[in-house]
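Take a look at this single chain in structure tokens; it is the form predicted on its own.
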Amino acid sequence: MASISPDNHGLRLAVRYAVLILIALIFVFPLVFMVMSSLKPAQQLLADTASLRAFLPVGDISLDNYARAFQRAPIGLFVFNSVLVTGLTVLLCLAVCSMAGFAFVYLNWRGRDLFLSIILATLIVPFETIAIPLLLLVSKLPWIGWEGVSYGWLNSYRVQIIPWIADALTIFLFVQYFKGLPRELIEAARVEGATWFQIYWRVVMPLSGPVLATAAILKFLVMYNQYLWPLIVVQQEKYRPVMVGLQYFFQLNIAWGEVMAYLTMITLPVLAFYLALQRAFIASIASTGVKG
């Protein structure tokens, strides 16, 4: 068998990096186009789309589109609403779904496998088929607040948070990850007299950084980009998230520069959240190929 020379190894490494850079550029191009378009007036933006100038900061560059975008819609309020709703939902989802995954993996109880199968089967049910029944349900649910008992959750933060605290995909991620943890740790903790909650909190969760990051990123993307549900349950402006706020830019005359400026601003929280968790997310993807 012919040996691999240093030259061949260097060539293959260069080709590999070239391919990776090309793939990265393909994914980065839409973001570059969005940012560059947000800095150009409408006529120049449309004219540049037919050439590489669309990806370059050339021509009449300014921040006027950002200023006009703030005049057209309360962007700060929409971003605050989305970050609040998404952040609380992600935290509650991680807590509830991790405990559910722990119960499915480590606790022996009757009907466990059947119940898990039913939960996973909900993944094939389109949200559009349950949107109206869910709307009718939340419109009549009671709520205890500072002013006493009220009925109906519409036009509130809770209607955008509580129905999405638990979901089948997140539970499945935790179940699969917990199955790969060493059983010896659980058995040793039980021998030492630890309760199931102590095992969950002090043994399992400290080892679950990768799956927590993966589940958090996926849930964050789903919640932050929600459109249909907030559209039908929120009519008051003070509770609207960023995706519903996009409608403000498609009324009367459409200014694509302002649309791109708005999209650039609402994309920043997503990028910041991913960058904060990217190490754990990459570790989770890498660990899927490790066996034994």
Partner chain sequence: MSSKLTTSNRAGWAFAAPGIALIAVFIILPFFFAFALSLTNQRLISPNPTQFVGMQNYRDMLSVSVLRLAPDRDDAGQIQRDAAGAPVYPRIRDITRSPDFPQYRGMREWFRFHMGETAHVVIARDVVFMKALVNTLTFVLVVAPVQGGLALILALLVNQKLRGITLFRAIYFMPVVVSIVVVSLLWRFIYSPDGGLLNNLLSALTFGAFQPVNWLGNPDTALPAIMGMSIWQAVGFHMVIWLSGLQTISPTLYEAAEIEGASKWQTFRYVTWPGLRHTAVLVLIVITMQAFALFAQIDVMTRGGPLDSTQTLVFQAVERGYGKQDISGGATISVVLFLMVLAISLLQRWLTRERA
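C-alpha atoms forming the largest set that superposes within 1.5 Å between two forms make up the rigid core. Residue numbers count along the first chain shown, from 1. Here the structure is a predicted model, which means the values were calculated and not measured.
Beyond the structure shown, there is the form predicted together with its partner chain, which is absent from this document and is the topic of what follows.
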Exercise. Would residue 276 show up as a contact with its partner chain in the model of the complex if we use heavy atoms at 4.5 Å?
Worked result: no
Problem set entry | Close approach of residue 169 to its partner chain in the model of the complex, 4.5 Å, heavy atom | yes
Exercise. Given that the partner is absent here, does residue 183 sit within 4.5 Å of its partner chain in the model of the complex, heavy atoms only?
Worked result: yes
For this session: Please check if residue 81 has a heavy atom lying within 4.5 Å of any heavy atom of its partner chain in the model of the complex.
Result: no
Exercise. Since exactly one of 204, 75, 217, 94 fits, which has a heavy atom within 4.5 Å of its partner chain in the model of the complex?
Worked result: 217
Exercise. Which residues, if any, of 36-68 lie within 4.5 Å of its partner chain in the model of the complex when only heavy atoms count?
Worked result: 46, 49, 50, 51, 55
Exercise. Core-aligned, is the CA shift for residue 20 between the shown form and the other one 2 angstroms or more?
Worked result: yes
